[in-house]
Structure formats: structure tokens, C-alpha cells
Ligand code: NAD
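Below you will find one chain, with nothing else, as C-alpha cells; this is the form predicted alone, and questions on how it binds or moves follow later.
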């Protein structure tokens, strides 16, 4: 099997690797060491024009391709990913800073997503409609938009590439993907495998570069027919403003401030490791990270003690040490998280464990953007730590008394991505699931483990989309309604 190579300082446009036309290149660094991994192209407006033009040329033939053939190519892509798991995992883990096992998990998830949409490609259907007399026929069809711009962040690049590109391609669209300049290597490697799988030139294009250079030019480009953006709420608002100029539909997956709501009757041996994992996995750099812990008052002291002990046991190290948690992805993110840590005690929160930089990682060697897994208790509901997305391994704890107060506290946030409930009372769990304003709810687990095709939905400032599952196919299509009068002949 040939080695999976990413050509340095190049990007994929119209089926070929090419250097940036006028911006040059930019370095990609290992956040555990600060050393450059390799350079990638720094795309500018000219490169965006080239990629969008390629996607527009490819669209008519791709949209006319049999859905079964599109599905077969997606399945071939998934098969190639399965042959290169370790290389892809290393690209993702080193680039983002997560443990190698975390990179491997993300690649397997990405493979599963692509395989799912390979099977869904020929199952996108419209409906026939009732008519007032037999002389009429009415039906709907789902049609692709055209060129889809996909802009993703750096935290789980393999998963986000698959989750946005696969349904768009399955539905018959062509794609211009702009991964984050901080972690573009896994998306580039996935694109190379798509090229090897046989996708026609221009169907999938990947631009690497800064948001101000490439991202803004792509999302405001008049040749784009649909925009999918994953990232911060502030940038999501800017994307919507750009899309409004061209009247382009937008799919937004934004931030989160997800609560773990722990009742006294929960199985603590199951809940506590999951709660700790929900804020330390990927160093807390996930939109759905369980950054708020709401605990029934009668067991709060015990829970805080056990959570803090588990946080102190988390092992930190670089990606290839494959321990429990890596560094934050960049110096900018490191400084931002330290700002929250410094401010929280001044706002009245009680530091239980952690609270600062982790000066040494595996082997006792200093360096990297490592932060201690941190727990703050008695966090004021008006504090930034409670209300804003930190994107770091920082847990804010509050106590509640009774189901009604738990519901009020769950909903006391601008975000609405994921809510997790821990209880052995079925009625209580169903009540909370019914009343929380959140796109996703998990009971006695964190996130959607074990459910195939689980929709990645969101509400409030977390955005709006039909991500994940079969609904994602419809996100990338527009419905056409057809009415026919049957004439006598």
C-alpha cells in the first residue's frame, strides 16, 4: 500500500495539487512543541475563484450522475480511509495536539459517516401529493443546490470534513472545503483519498488559508450556492451577513455550553468518568463539551471531590505519547483559556483543582500549550466562565434542588446544543428531555454513543442545521414541487 502523502505548500483544485497563486504558504505547527510539521498553501481570492469555477464546471455532470454511482464512490472513499487509518490518525492527532487514540477514533467516526451517506445517496426521495380529482398529479423532488462552500474549524477536522462533505456530495452537489489554517492536514489527506477513489475533478476542492484571505472570499463568492459553517457564534453571524448579499442559504453549527445534570439517584460510577471525559477529551476543545456540571445539592460535595480526583489523574502529553489529554491547539487558544482561569476566582468561583498552565508534560520536558484540567465550584451564573464557551478543560459546577430548578438552570444559557441527564428515574429523564431547549439530549451517557444516524441538531445561539443522519441530505438539497394536469388524448 502506497504511503499517504500530502504535497507540501499545495492545495487541491480541479483534481490537481497546486500552489497558491499569490499568497505563498503558511506553516502548520505541532502544539506540543511549537515545531513546524509542514507548510500548506495560503489561499487567496484568486485561488477561491479557481476552486469555485472548477466546482461549477463539475456540477452539471455530477448532479446528473446516478445516485447509486455517487454512493459507490463514497463507499470507495470510506474503504480507502479504512486502509490508511493510522496515517490519518497521526495527521489529525499531531496537528490538533490530541492523543493518537483520539485521532484514530475521529478517523473511524469519519469513515462511518462517509459509509452512512454512501448508503443514503440513492434513498433521497420526494413525495407524491393527493389531488382533488384524478385529472391531476402532484409530486416533489429533492435537487442539489450546486456549489457548496464548507468552512470548518480545527478541533475535529476529520469528523467535520466527513459530516459536511459526504452528504453534500451524496446529494449531487460539488464542494469547496476550507479547513482551518491551524489544522488542515487531515482534511487534505482525506481529499487525496477522495481523489484516489475516483471522484471527478472539481467535485471536491480544498483550499487552505486564513479566514480573512480565503474564508471571507469563499463565503461571499457569487458562484457559491450554499454555505455550511462550523465555528464560533460571532463568526457565524458574519457568515450570515455575507450570505445575505447573495441570498445564499446557510447551515450553521456554532458554540455550546453543555450541561451535565446529575441527580442523587444516578449511577455515580458510570456518570463521573463520563463527565470528566466530556470536558477533557480533546482538552475540552469541542462545541458540545460538558463544561457545566449541575449537581443535586445533597450529593454535591461528594461529586465535586470525586470529579476533582479524576481530573487530577488525567495524564498530559504530546500526541505520540498517547496519554489522556494533549495541549491546547495554539498559543492564542492557550492565552484565552488562561484568561478565564485568572478571572474566575475574582468573580467568586472556588478553585477545586487545576487552575493554570501545566508546566511539564510526559517525560518531564517543558513546552507546549498545556493547561491543567480544572474544576471551579460555586460558579456565579452571571460569570463569564458560566455563560461563555471556554473551549478548554475547565468545568464550572453549580448545585440545584429538585427537578424544576434543574430545568431552569439547564435552560439558563444562550446556547442549545447538547444536554446530558444522569438519573435512574425514567419520568424525570423524560420530563427534562421534553423541557430543555437543546437540539440534542442524552440520558445516562454523554453525547450520542451507540445511536446510528443520530441527528446533530442545535437551537438558540448554537445555530441551526440538520446535521448528521438522513436529514443532513435534505440540508444540502432544495425541494421542487411539480403539478401536472392530465389532458384527454
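Numbering follows the first chain given and starts at 1. These figures come from a predicted structure and were not determined experimentally.
The form predicted in complex with the named molecule exists for this protein as well; it is not shown, and the discussion that follows is about that form.
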property: One residue of 205, 280, 155, 291 in contact with the named molecule, assessed in the predicted complex (non-hydrogen atom, 4.5 angstroms); result: 155
property: Answer option from 101, 196, 232, 411, heavy atom within 4.5 Å of the named molecule in the predicted complex; result: 232
property: Contact flag, residue 421 vs the named molecule in the predicted complex, heavy atom cut 4.5 Å; result: no
property: 4.5 angstroms heavy atom contact with the named molecule in the predicted complex for residue 211; result: yes
property: Residue contact check: residue 160 to the named molecule in the predicted complex, 4.5 Å heavy atom; result: yes
property: Heavy atom of residue 327 within 4.5 Å of the named molecule in the predicted complex; result: no
property: Candidate stretches 78-86, 136-144, 264-272, 213-221, one within 4.5 Å of the named molecule in the predicted complex by heavy atom; result: 213-221
property: Heavy atom within 4.5 Å of the named molecule in the predicted complex - qualifying residues of 157-193; result: 160, 178, 179, 180, 181
